[in-house]
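A lone chain, given as structure tokens: the form predicted on its own.
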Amino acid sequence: MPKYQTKLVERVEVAEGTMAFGFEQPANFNFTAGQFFTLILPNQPYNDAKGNRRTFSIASPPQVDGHLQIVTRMTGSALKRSLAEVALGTPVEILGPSGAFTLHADTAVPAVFIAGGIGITPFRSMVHDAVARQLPHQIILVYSNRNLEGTAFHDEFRQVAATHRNFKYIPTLTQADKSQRRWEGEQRYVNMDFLREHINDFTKPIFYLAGPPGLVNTIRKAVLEAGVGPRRIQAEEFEGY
């Protein structure tokens, strides 16, 4: 797997407890929306058993020339603490890109993206890539979080849905009563009944699931119960982050 030298150039909070980190895109580093890379931070100021490398989905689309963005929950690991504190311009290494969790080529087949929490990162890249390339895929994004403060890119997805008729955004908050901002949308867990209310036809789409393993497995079961065949389900679990 190719290794590239780059540096940290951006650091911004995108939701409560969630940070985005930007890196210069190395020359000849070409990726497909939905892929990931392995980040290595040499000489990081903090250390733990997980070491100085971690795999992250690329949250920015390929059209953002010269810039790679990752987004992560700040769980207190040594690598994340180090990224939060080192100076901008700090050298890093990346391995990749890797992964086949990417949008299918057949534009006649709809896509249903179902994300929990930080599982939104590959979908952000895929949605913006589809918009930039004016792809005719019909895309539904179901996005589950506990509260609005912890929902990364919520306003961004609302804007995309308002201006692109091929994209439908369905957020749900499972602890909406703990949000400081008023919420009048869905407040349920994603299950078979939820999906049947929001998706008219289960025979055509390919379903993409991403998030913590427990959530992914629960939703996979719900999708199977709704009659979707295993070959039309792709899943990516975000474990240990």
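Note that residue numbering begins at 1 and tracks the sequence as displayed. These numbers come from a predicted model, not from an experiment.
What follows is about the form predicted in complex with a small molecule, which we do not show.
Proximity to the small molecule in the predicted complex, taken as a non-hydrogen atom within 4.5 angstroms, holds for one residue of His154, Arg73, His137, His128, which is Arg73. Exactly one listed residue, out of Thr32, Ser179, Thr174, Thr55, brings a non-hydrogen atom to within 4.5 Å of the small molecule in the predicted complex: Thr55.
Stretch-level contact check against the small molecule in the predicted complex with heavy atoms at 4.5 Å: of 142-150, 85-93, 115-123, 157-165, the positive one is 115-123. The small molecule in the predicted complex comes within 4.5 Å of no heavy atom belonging to Tyr4. Looking at Phe194, you'd find every heavy atom of it more than 4.5 angstroms from the small molecule in the predicted complex.
By the criterion of a heavy atom within 4.5 Å, Lys50 is counted among the residues contacting the small molecule in the predicted complex.
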